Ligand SMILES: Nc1ncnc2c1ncn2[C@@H]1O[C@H](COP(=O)(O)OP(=O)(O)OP(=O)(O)O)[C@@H](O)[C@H]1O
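Below you'll find only one chain, the form predicted on its own, shown as structure tokens.
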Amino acid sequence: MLLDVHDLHVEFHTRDGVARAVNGVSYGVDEGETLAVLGESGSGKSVTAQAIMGILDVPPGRITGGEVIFKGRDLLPLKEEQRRKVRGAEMAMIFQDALSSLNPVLSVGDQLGEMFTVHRGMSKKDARAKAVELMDRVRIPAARERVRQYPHQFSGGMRQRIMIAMALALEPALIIADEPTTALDVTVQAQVMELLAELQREYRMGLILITHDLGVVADVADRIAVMYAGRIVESAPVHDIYKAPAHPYTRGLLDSIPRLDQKGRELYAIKGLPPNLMDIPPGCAFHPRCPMARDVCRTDEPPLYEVTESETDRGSACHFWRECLHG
């Protein structure tokens, strides 16, 4: 397996208390596989990714347990200098807000070329040529002329393509895309997702796609991991999730997607709000919002049960997953 995250725990120490942002997350990604990590804001998706990349703000963040095995090596004990050699060259990240992620006072060519001067020791001239090549690869028109332009001179969709080009620069084995289409309109979203999927297939990279939108991942993901309150509550192949979710939270997310055959009906929304990570409810963290909740859900935290009725590797952290599966 390319990446194996095992029992990862992350806390944030604040003046108001300790926020348990990630609580025992485990998932894996193989070469050429796309894993979509879903959940509402605050579920721990991005914090998990930052811990994997080694870019977590410490303090206030702190990794309190777990392993991040990448190509057979645990990354967590490595010193910062060693982690820098992994970032960019072996794994890279695409952030959701390209405008704030790119340096506004450097041309996009300089920012793309820096990957090659720092990691590959190339001359500035050769690095500029590689920058043009990358911009062509992600389908930015007139790349040779635009390589000297600054981030604010590009549209949102083009800036996101530059971020993709930067992530691809050194042909890493793994890319983490954190909400890469959030700020884009629907048409541009589809173009960016199609480009990501095409490049992922071409380079045989592992891809972790972080999103809150189940509609975005239907055509690109192989597996889905659904997160809630810092835990994986369901994990399954993408088609199994859409066909029959085995957790009430996943079912709620699916029911929240607008559908053409329900025009004029009120859009479904999961009741209540995600829990305060400083005061996660006992038992199943989802029980205050769950229509299926019973007494055991309020006292006993469910493990990630193996969904034995599935022919594929599938898990659900619900005491009543069978009822949900057939509901």
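Not measured: the values here are computed from a predicted model. So that there is no doubt, residue numbering starts at 1 and follows the sequence shown.
The protein also exists as the form predicted together with this ligand; that form is not presented, and the subsequent description refers to it.
Comment: 41-49 is the region of 63-71, 27-35, 265-273, 41-49 lying near this ligand in the model of the complex, near meaning a non-hydrogen atom within 4.5 Å. The closest heavy atom approach of D279 to this ligand in the model of the complex falls outside 4.5 Å.
Although the partner is absent here, E179 lies within 4.5 Å of this ligand in the model of the complex, judged by heavy atoms.
The closest heavy atom approach of A21 to this ligand in the model of the complex falls within 4.5 Å.
The closest non-hydrogen atom of T312 lies beyond 4.5 Å of this ligand in the model of the complex.
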